[in-house]
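Quick setup: the structure tokens below cover two forms of a single protein chain, split into structure 1 and structure 2.
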Structure 1
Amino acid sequence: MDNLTFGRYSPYNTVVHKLDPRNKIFLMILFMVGIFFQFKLWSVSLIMSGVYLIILIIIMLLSRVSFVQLFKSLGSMWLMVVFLLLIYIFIPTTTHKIEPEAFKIFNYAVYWDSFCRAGYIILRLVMMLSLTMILTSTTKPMDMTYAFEWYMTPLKLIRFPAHEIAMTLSIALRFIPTLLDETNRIMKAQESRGADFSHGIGRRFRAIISLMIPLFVSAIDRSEELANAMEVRGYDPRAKRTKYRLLRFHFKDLLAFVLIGCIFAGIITLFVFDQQSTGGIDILQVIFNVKGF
């Protein structure tokens, strides 16, 4: 559980921390959309993935996000990696008449294309996780609440409960690290009583049951305490509310918006030219003789 870093805010005084949360959410979505553009040629996809990684590394260095915590979070993705490999190996998406074989499992041929496709999907997931980690590590939960509520402001015209939804999201994000800490505490307490979380399927199942029941009880108790505290303080979601800290768009937000916008425009331009191209030599096709996407 210590490997999960989603929802943990790191209080540093960096440029990324000072950006407007509304701007950060929009730019994160814009970057994610750019990551999921598919190009015809493997070489273009490889070059663009390298560009994405370089940009993400620079942003992580600027925001002082821990690479160690990121690698620990990636350690929990091994099951998904194996699942994707099995899908692309045993359920091929293309015909492999001219592609070289990597090896054979009995009489079934496994091709290099399957590993390339699975690796590309995994790389996308890693970049998505990195973006999410950057957002949650550099944005306070209350600021994220204000940003979500600001984006849902037009829905208030149709009486959509924008403030209630934003507050629910904020509480959920705020309690993720709290529940993780509570899970670690309960696991240590159950291990001291003889529970085994690391050996045998049957033992793990019984240990997880002994973990989930007190965790649910603790979560319900915390939610009741929070509801009582908000009620005692006179919280009314339908009342007109003022904000202690107003969100303002500064010059650094404009600079970040223009920078990411230019990168996204370049991605779209390259994608359009790539889709309109009818030929060309792909370096990876020459080396591995594999097809594009």
Structure 2
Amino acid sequence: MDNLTFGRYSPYNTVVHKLDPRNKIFLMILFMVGIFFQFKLWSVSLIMSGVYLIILIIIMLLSRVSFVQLFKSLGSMWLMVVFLLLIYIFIPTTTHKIEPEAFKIFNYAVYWDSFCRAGYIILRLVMMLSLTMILTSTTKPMDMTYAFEWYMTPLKLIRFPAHEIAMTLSIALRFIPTLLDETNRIMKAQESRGADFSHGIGRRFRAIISLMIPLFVSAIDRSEELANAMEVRGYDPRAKRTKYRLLRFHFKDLLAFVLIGCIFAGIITLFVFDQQSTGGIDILQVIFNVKGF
């Protein structure tokens, strides 16, 4: 259950917490797109990554997201790191002009370039991860569903069940702790009957089946009662409803919007110039052409 703590909402009262969730989601996506612009020149890529990192760290400090938690969750990324490294090492790219050899494995040349590319991708993934973490730990899950509902509203015109999906989502979120409790209880009950959740794949598999079936049965029972309770309180998905929680776009939202928007505009401008440039100084080239490296 430990990995569930990643990006869990932390109830502080910072500026970032108070931003409109719709705004936060939009700005996060904007930032992610910016991060994934591929520049031609290594030097530009490096500088921009530095800029992104600084902005990210500022936002994380502002929103009091725990760095410890981020690093902990990065630990589980090692498989991806290895995978990416292997891909970049064994699928060499010929487009790059410089290919200083790092070392040889059985006559197979491994280039510094591969490491750099893999490292760059990983860096961007880490930045994406911290962005999502900032979003989820400063936004209540329910606010997130309200925001999703708002974004899906135009789809209602083509009879897309936006409200129903948002309601389903919020109920699912509401019942996660309840069902986790239930899971623990059933596990203990089945263990006391001899189910073995910790030894051997076969035994574990059987034990998990003995967990899943009662869990499903109870979840279905619960859903029936819940549906009754909702109906009793007058819920009708097709009827008009008023809202207790209204999303409000404040002045600080506008500020954040303009700020991130400007940065994004800057990135695009840079990107356009970068695509047109042919020469320029490539930092990587400079570093690795230094003798004795």
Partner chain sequence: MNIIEVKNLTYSYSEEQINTLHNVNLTIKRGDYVSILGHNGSGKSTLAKVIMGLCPNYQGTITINGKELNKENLAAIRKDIVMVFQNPDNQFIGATVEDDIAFGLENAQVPHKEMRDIILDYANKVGMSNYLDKEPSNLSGGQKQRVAIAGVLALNPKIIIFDESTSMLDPKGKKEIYGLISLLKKNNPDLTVISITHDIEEAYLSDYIVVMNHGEVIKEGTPNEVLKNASELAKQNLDVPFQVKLIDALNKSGFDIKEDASLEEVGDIVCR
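By convention here, residues take numbers in order along the sequence of structure 1, the first being 1. The model shown is predicted, which means the values in this text are computed figures rather than measured ones. Rigid core here is just the name for the largest C-alpha set that superposes within 1.5 Å across the two forms.
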Between structures 1 and 2, the form predicted together with its partner chain is number 2
L211 C-alpha shift between structure 1 and structure 2 of 2 Å or more, rigid core reference: yes
Would you say whether A172 is displaced between structure 1 and structure 2, judging by a C-alpha shift of 2 Å or more on the superposed rigid core? yes
C-alpha based rigid-body angle between structure 1 and structure 2, smaller part relative to larger, in degrees, is 17
Cα of R241, core superposed, displaced between structure 1 and structure 2 by (Å) 2.3
